[in-house]
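In structure tokens, one chain follows: the form predicted on its own.
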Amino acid sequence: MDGRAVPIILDVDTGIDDALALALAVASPRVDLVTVTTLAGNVDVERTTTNTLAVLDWLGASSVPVHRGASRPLVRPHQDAAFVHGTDGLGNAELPISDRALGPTRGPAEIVRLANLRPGAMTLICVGPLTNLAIALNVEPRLPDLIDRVIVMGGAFSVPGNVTPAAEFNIYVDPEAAAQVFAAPFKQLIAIGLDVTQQVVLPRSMWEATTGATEAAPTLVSRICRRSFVERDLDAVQLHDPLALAVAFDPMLVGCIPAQVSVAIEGEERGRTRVVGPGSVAVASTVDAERFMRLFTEALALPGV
């Protein structure tokens, strides 16, 4: 890609790694963060929206509009991941609450509006369940022709899931939406699954080195990752959502196979993603983890490992 900033709609369920993706989007000169849409996922939609506003304000990006979206999956109750992200979704970091207003339109409507306003220009990155995108598809069936690219953080194609042995969380939460999205005829649909995201991690040593940081992004990392390293005693935090964001402006980070993707809807297999033949979905199968980590740490001014 050329060096121009990529105009991006970022669809989030802001928990820990969503916040890190927001930080990368704000820090990177190759990203034009046009708007952010929210939905229920890691925590409920009220918290994901509050978190998104708080993170953007913390990063000095209060001019980026935020549009609240779906409060539950298409056809089933919402299931959160507070056990991973903390009750507030941000590792109980207690960031200052934003007092600014939300965008006037709902998340799916804003996706449709921007796609029609700038046809063929926008990249949509979905790092939560795919509910907002599925609703937008139902409202505007021409959406696949209007969006330049869709990048989905979701799926586990050749590795076990992270919420059940079969399924990755974002797909598991709303498999009906995922099935609809993967079947839609987008010009470019890239699936960034656990196959590659589990290979990019923020190690404990890097987090420890952020202690005493004064800049916004390193301080954010220090605060929102503390619960993961202290209370949960993890050795590393996986950077699922930042990798999906980075692929938007550096697609060579991942190697992909063209695939037709199926999504299991019910039972123990619920949320399982399978490659069932050649098709139009680019499923990421390899990642240049070293290149990504260099990009991520430099953008956020994090100490090296």
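On a predicted model such as this, the values are computed, not experimentally measured, just so you know. For every residue, the number given is its place in the sequence shown, counted from 1.
What follows is about the form predicted together with ligand RIB, which we do not show.
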Answer yes or no: in the predicted complex, does ligand RIB come within 4.5 Å of a heavy atom in every one of 10, 110 and 132?
no
Touches ligand RIB in the predicted complex: residue 162 (any heavy atom, 4.5 Å):
yes
Non-hydrogen atom contact residue 178 with ligand RIB in the predicted complex at 4.5 angstroms:
no
If you check in the predicted complex, is residue 127 within 4.5 Å of ligand RIB, heavy atoms only?
yes
Indicate whether residue 93 is a 4.5 Å heavy atom neighbour of ligand RIB in the predicted complex.
no
Want to guess which of 137 to 145, 163 to 171, 70 to 78, 210 to 218 is within 4.5 Å of ligand RIB in the predicted complex, heavy atoms only?
163 to 171
Give me the residue from 206, 225, 194, 190 that has a heavy atom within 4.5 Å of ligand RIB in the predicted complex.
194
For the stretch 65 to 86, which residues lie within 4.5 Å of ligand RIB in the predicted complex by non-hydrogen atom distance?
85
